[in-house]
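In structure tokens, the next block holds one chain alone, the form predicted on its own.
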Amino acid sequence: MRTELTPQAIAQYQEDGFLVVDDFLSPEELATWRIALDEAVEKRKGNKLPDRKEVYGKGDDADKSYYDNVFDQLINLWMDNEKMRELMLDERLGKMAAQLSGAQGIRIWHDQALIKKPWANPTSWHLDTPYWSFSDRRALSIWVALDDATYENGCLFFIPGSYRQTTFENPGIGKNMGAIFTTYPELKGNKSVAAPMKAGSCSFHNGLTIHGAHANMTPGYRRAMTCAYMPDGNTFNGIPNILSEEEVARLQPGDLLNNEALNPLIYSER
């Protein structure tokens, strides 16, 4: 893996709120990640989370049908697949996240497989951090392309620098690509930047950077493996997000989110 970040790359991330790392994985590593993803997805049998039975494609109302065809989203594969666990808990990834964000320690919030199937709908402009159970302007994600991510099949787009102006208000993800600008009209005139990537490349983005993705206009898949990172020391903000009912019942707003079984610390400067 190309895990060394230059001062220029860190400065670019801090300026734009995102960074693309070309050829992040070697061909052999890319094969390993693909095998791990395929095995983990097969084990889930469509279940979104390891401990819950939500299954995609079972709804029949128009909204659910639309969102089911944006992408397949499977969360916390590291919890029930040993190969994925080894990849996601890699200290080198945590160090990169720490260097980019300025955090001293990094915990996994959750991983996600995001798989755009053939002819999938676009992913509307959105923010990540407002969904999460903590509020930290440094939080970020890695997005690893396991297939070529192209203009045709759903590559990412970012609005550079938007993370400086967005807040923890959650405008959600709508069918309307530009719905987020109802919340942030001052950003409507900003230009977006496309981030096509070859398989094995990756990007990092701040959870408050506005981003989205094209529709998949091809008969092929666009697979990505992602992981959201929480700077160490964060506390529960009252939003359940991926937490189980049992975990939410145990927590009070302000409690530390430091459960190693749920949010392992994968890097610390200390």
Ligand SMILES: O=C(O)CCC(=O)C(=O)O
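Just so it is clear, the structure is predicted and the values come from calculations on it, not from any experiment. In this text, residue numbers run from 1 along the sequence as written.
This protein has a second form, the form predicted together with the named molecule, left out of what is shown; the following refers to that one.
- This chain is displayed without the named molecule, yet in the predicted complex the stretch 208 to 216 from 208 to 216, 231 to 239, 42 to 50, 27 to 35 comes within 4.5 Å of it by heavy atoms.
- The partner is absent here; in the predicted complex, the one residue of 100, 180, 156, 87 having a heavy atom within 4.5 Å of the named molecule is 156.
- Comment: the named molecule is not present in this chain, but in the predicted complex one of 163, 78, 184, 71 has a heavy atom within 4.5 Å of it, namely 71.
- Heavy atoms of no residue among 109, 133 and 138 are located within 4.5 Å of the named molecule in the predicted complex.
- With a 4.5 Å cutoff on heavy atoms, residue 146 does not count as touching the named molecule in the predicted complex; it lies far away.
- The named molecule in the predicted complex comes within 4.5 Å of no heavy atom belonging to residue 150.
- Using a 4.5 angstroms limit between non-hydrogen atoms, residue 126 touches the named molecule in the predicted complex.
- Using a 4.5 angstroms limit between non-hydrogen atoms, residue 201 is distant from the named molecule in the predicted complex.
- Of the residues in 1 to 17, none comes within 4.5 Å of the named molecule in the predicted complex through any heavy atom.
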